[in-house]
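Here are two versions of the same chain, shown separately as structure tokens and labelled structure 1 and structure 2.
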Structure 1
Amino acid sequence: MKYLSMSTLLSVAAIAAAAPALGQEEQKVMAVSIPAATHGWTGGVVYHAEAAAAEIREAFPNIDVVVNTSPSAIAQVGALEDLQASRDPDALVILPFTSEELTGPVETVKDAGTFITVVDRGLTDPRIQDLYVAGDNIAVGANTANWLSEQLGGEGDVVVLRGIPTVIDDERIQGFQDALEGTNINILDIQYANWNRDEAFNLMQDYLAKYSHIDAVWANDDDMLLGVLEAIDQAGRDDIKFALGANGMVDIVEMVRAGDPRTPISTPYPPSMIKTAMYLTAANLNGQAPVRGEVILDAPLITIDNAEEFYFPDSPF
């Protein structure tokens, strides 16, 4: 088994997107299973998956791309069973709704001889995947925490909003907590808000009622951050110096560009990573390269100095 470097993998992705490959007489099926647009980031995933499917069909007429969206983990399990029974896919590109609930069903698909590409929310058993494409979630948490510690002088009280129980959420929280070790920054509370703006609004209201003083808030997703900001503004709380998120949502990058004092940074986590995963899988199906391994995208801080590089006003997220 050959493992390719990140640069080589991305080169293969570009080839797969741009030009037909040899051996197109053999028909292939690529199934793509992703969450429905339950929040802004997954809305971006759906948008880019559908765009990539159209591009791959045009470049590779022998690859039938089937995109399926699911509103819940249970629905995604059922969708996988239906796809396997009705289409017998040669490759599966999956962004699991949750890690634990999808690991077993994906392993069943793998056992049938299907090439498995996992995107973003990793499985609990990484041995199942042939290819993994994601952002550097530990860096998302660590880079945010390091910046926050510097701004607060290494001391203060913060509250944290988690996403949903997944590997990537665990990694973000791990990166954040590890980076704060050795400081005098105290995490007052940390609870799940399921990467949902409304749930984040409600949780932030609870935090505000429970804690009379909060120096900073980290919502590890920008959809949640919008709910956090709304709750803070409604409460009129002026003790909160910073309210930070993650993922580089266009609304948040606009704040960073404008020099918003409360939200002066973000970190990128582009939903277009689904496109990279699909292009690489198409390249593997057509025998252009034995694609295996991991593609991990960087997570540098987005600041007022570099925000233009991450600002895409027409983006769905």
Structure 2
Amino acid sequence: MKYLSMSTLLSVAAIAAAAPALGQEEQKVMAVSIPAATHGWTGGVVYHAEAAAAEIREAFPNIDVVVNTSPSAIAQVGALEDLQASRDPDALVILPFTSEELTGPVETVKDAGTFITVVDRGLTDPRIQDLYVAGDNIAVGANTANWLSEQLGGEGDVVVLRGIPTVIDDERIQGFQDALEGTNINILDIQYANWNRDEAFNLMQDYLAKYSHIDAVWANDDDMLLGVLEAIDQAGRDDIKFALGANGMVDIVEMVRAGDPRTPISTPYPPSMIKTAMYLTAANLNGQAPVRGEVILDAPLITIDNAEEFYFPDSPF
């Protein structure tokens, strides 16, 4: 697996953007198929995909970008068939709803000679993709755990809120637990709140009733963290030194920028990765920049020093 840093990526994109059409005036179609905005993170994906589409159309007049959102895996399969039939895309950037169900349909698109970029959730058969762009969920958990361990001096009691039972959630939790191994930090409890702010509020209230002393809370998504913070404030508990999330939601990045003592960091699993994928695909279509491979965006800590870089005030997430 090849790891590229953010700066390498940006320079690739910059070169691609700077290189004009290189004499190819042939009209090309980039189809983008993503889940519809049903919650915060996918809302961010849609926002960044639309922004990238506008920017790419501007930079490369001969690339037509078609962004299509689907509310379910079945709908996404239908959308792929429609895209193929109506637009015959030269490249497809897809964030699959589910790996198993989308693998076959994407393979059909690939067989027609389309360049395939897969984002976030992989397909069951990785040979189908030409390019894979994703975040590092293990690092999301591990980087948070390492920071927490350092701040707590290697000991304390923490509670964890899980998302929905999926690979993404499992990896984050695994990264977190593995990083805490060998320390004296004790995970008191771990339950599902389904990446839902209301359920996180309820669950945190229950945790607070169950444990009289908690040093820190980790909700593996910032949407849940907002519910957690509300429950802690209501209970007036001051034993909780840190309440941390992940994903780099705009509200939480604001707290980090403001130097909030309870939420001084977040870790990005940025919905803007769709933009990275679309830029690279455009580079491949037009800049003669070969981009085949795997790009795993790291999950560095968002701190007061670098928060500006992860702050998208207009994004819905």
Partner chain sequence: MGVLINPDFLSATNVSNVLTRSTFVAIIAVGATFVISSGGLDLSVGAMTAFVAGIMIMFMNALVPSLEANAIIAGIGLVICVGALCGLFNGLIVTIGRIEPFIVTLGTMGIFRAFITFMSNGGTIPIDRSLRDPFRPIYFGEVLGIPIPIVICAIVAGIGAFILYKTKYGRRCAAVGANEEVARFSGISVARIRTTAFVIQGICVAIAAVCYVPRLGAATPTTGLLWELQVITAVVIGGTALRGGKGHIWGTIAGAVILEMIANLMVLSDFISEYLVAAVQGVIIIVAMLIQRFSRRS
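Not measured: the values here are computed from a predicted model. Residue indices: 1-based, along structure 1.
> Any idea which of the pair is the form predicted on its own?
The form predicted on its own is shown as structure 1.
> I'd like to check whether Ala52 and Asp189 move within the same rigid part between structures 1 and 2.
Taking the motion between structures 1 and 2 as two rigid parts, Asp189 does not share its part with Ala52.
> How much does the smaller rigid part turn between structures 1 and 2, counted in whole degrees?
The smaller domain rotates by 24 degrees relative to the larger one between structures 1 and 2.
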